[in-house]
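Below, in structure tokens: the form predicted on its own, a single chain.
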Amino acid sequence: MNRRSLLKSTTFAAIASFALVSAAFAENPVLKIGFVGVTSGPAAAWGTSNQRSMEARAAWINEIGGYDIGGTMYDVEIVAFDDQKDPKRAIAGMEQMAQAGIHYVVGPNVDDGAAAVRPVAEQNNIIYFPYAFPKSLYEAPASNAILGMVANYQSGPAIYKYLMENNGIKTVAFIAGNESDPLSQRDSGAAAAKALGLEVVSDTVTYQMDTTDFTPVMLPVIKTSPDLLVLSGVSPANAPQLIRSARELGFTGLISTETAQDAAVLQEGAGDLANGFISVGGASTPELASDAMREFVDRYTKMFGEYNDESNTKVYALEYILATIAANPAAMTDIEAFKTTMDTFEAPNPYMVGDAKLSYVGTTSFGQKRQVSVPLVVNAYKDGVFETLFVAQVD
């Protein structure tokens, strides 16, 4: 190699090396947000919707250059852990988040898991957004958990009242899986129904979570001939089986639940027998959805090959975390700054039309702001899709 070639090669190498170093320094710092929830088993649809919503939104943020916090653009990385609906695994997942230095975690998706991780979250300065309903998680002295959706004791009364006024229901029966989540939801649902003046004709029948033949379990409930049958805390996998059993036993009344469901699972497991089934839906309707919500749905669908209506609600947790930190950048590592900011926090809601705002609510239910404000959308299933029954708001 002659001297001129050597100099040219050396110069190009130096320029390339400088470019690589500059690119490295130009990369955005990374903000890690955790997810600990169920993505396998009968309740997998709940957590899968969480994780996919976070990953789709994070990819979108990163694609457009990052999220502005205090004048610095951050890429968002989602660190996910499948707790398999097991409280012990949920604890392990939250400990893993603590070891990674993560201060904000979405999940768990069920009551046992959300309660189990509380000590780990409080000892390691982690704010977490459960999709679980025990009020003790959100009432003082607890302060690290923020409810990521509308609770059953908020949606249940709204559904019962609507059906009383529009369908004339007078009697209601409850059936629940023999686990703490559905049993708790059954008890609060029955109490709410009685408070509204409904006659509760059955609220003691339960089933084991691994039941495959629901006919013997459902028969004594159907014999009470309720106007409304409530499937308390029912998982997406069990809902179509229970619906099918009720209809095949001749039940013609209304069936509802306060948990979110999966239209594809209902179609596959119950078909037309699920028509009219009422459930809590995602926090959006075609009338409420902004261009950003439609783009989110499109990106999610392209990324995962399908869409779950519940993700209209699950998209919000990551948005609240990022927007609250942006409102007070000290909250990046100081969760007390995050809590202080929550009391007065308000930001435009990118997923709804009009002047809707992101804010924290829950004072009526918990005595403090420990719940994200999302619309209560109640759906009725029909021929493979959910149709909006009504929309309400939680204080």
Partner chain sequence: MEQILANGFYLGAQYALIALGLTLIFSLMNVLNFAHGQMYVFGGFVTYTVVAQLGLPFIVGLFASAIILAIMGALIEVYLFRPVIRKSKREESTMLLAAGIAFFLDAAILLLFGEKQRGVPKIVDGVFNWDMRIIMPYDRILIGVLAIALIAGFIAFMQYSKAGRAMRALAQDRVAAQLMGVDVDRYSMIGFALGAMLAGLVGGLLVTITGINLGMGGPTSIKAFMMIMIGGAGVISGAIAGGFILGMMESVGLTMLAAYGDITYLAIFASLMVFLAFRPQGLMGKPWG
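Numbering follows the first chain given and starts at 1. None of these values were measured; they are calculated from a predicted model.
A second form of this protein, the form predicted in complex with its partner chain, is not displayed here; the remarks below concern that form.
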_With a cut-off of 4.5 Å between heavy atoms, is Lys339 one of the residues that contacts its partner chain in the model of the complex?_
no
*Heavy atom of Arg244 within 4.5 Å of its partner chain in the model of the complex*: yes
*Taking 4.5 angstroms as the cut-off for heavy atoms, does Gly253 touch its partner chain in the model of the complex?*
no
*Looking in the model of the complex, any heavy atom of Val265 within 4.5 Å of its partner chain?*
yes
*Residues in which of 187-195, 141-149, 212-220, 90-98 have heavy atoms within 4.5 Å of its partner chain in the model of the complex?*
212-220
*Report the residue, out of Phe296, Tyr74, Tyr307, Phe81, that has at least one non-hydrogen atom within 4.5 angstroms of its partner chain in the model of the complex.*
Tyr307
*Name the residue from Asn178, Asn167, Gln123, Ser136 that puts a heavy atom within 4.5 Å of its partner chain in the model of the complex.*
Asn178
_Within 4.5 Å of its partner chain in the model of the complex - does that hold for a heavy atom of every one of Arg52, Thr206 and Pro236?_
yes
*What residues of 44-58, in sequence order, lie within 4.5 Å of its partner chain in the model of the complex by heavy atom?*
Ala44, Ala45, Thr48, Arg52
